[in-house]
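Quick heads-up: it's one chain on its own, the form predicted alone, in structure tokens.
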């Protein structure tokens, strides 16, 4: 999985990802998400003062969210995308683009659907999924992974289990880069009380789910054990996107139209969308972000470093 996604010629290093073979919240409605993140940053700024100046996106994909932030954010807010793929063409110059997080961040670190593509191992009936063709069965998991499974995946010795320890380490490293502020991971996932009994590992290509063959031609993704990922000892909130977004942004006037899809926005002679049509389009996109059967079911893991949890995110 690691080679297929991030090795030489791998899926993400080739510049594929959100907007190519699949869509995420940040590609469906980047401007609406940008407003929510600026609302979150405002709360961090209130808590920390003028020292809060960074907004860093890990797993920035095609830069859609950062481009929207560049249009809306005040000039003193430093924007940075962390991604192994090359810098997207046309990304505003104010956005830094690098392969690893800055060493010291004060503000907000956010990751939309990044943890689900951090490579993981699979265990079937207590043994690792065979890595080589012709193997009758794989070896047992390592002592570290066995400890993780014992704690976080009840019944793992019978049936399918997806080992999340590598995701835990990846998120802990991202949080360590934050000297003060909020770290936010948004993903489709589950908690210990509701681990899936069937595989969540799948592939995506051309907008459709496909078998998770690790050949570099498709995205490979698995749901995230969101409770395990949380770094111990920090103020933490875990809530659905459908609850998080309304808490961070004022609802638009047309939220009562959840069934709308997003039509292309007609433009006036000067190239701008008429105000009423733009409001309708925003309401449609917001409905997609809040859909409890879709993107609205994604979980927001929010962790605070050097500050308390904003009251808007406390249930």
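Quick caveat: nothing in here was measured; it's all calculated off a predicted structure. Numbering follows the first chain given and starts at 1.
This next part talks about the form predicted together with a small molecule, which is not shown.
For the options 129, 172, 84, 144, the residue carrying a heavy atom within 4.5 angstroms of the small molecule in the predicted bound form is 84. Screening 111-119, 225-233, 197-205, 174-182 for residues having heavy atoms within 4.5 Å of the small molecule in the predicted bound form returns a single hit, 111-119. In the predicted bound form, the small molecule stays beyond 4.5 Å of every heavy atom belonging to residue 284. By the criterion of a heavy atom within 4.5 Å, residue 24 is counted among the residues contacting the small molecule in the predicted bound form. Using a 4.5 angstroms threshold between heavy atoms, residue 60 counts as touching the small molecule in the predicted bound form.
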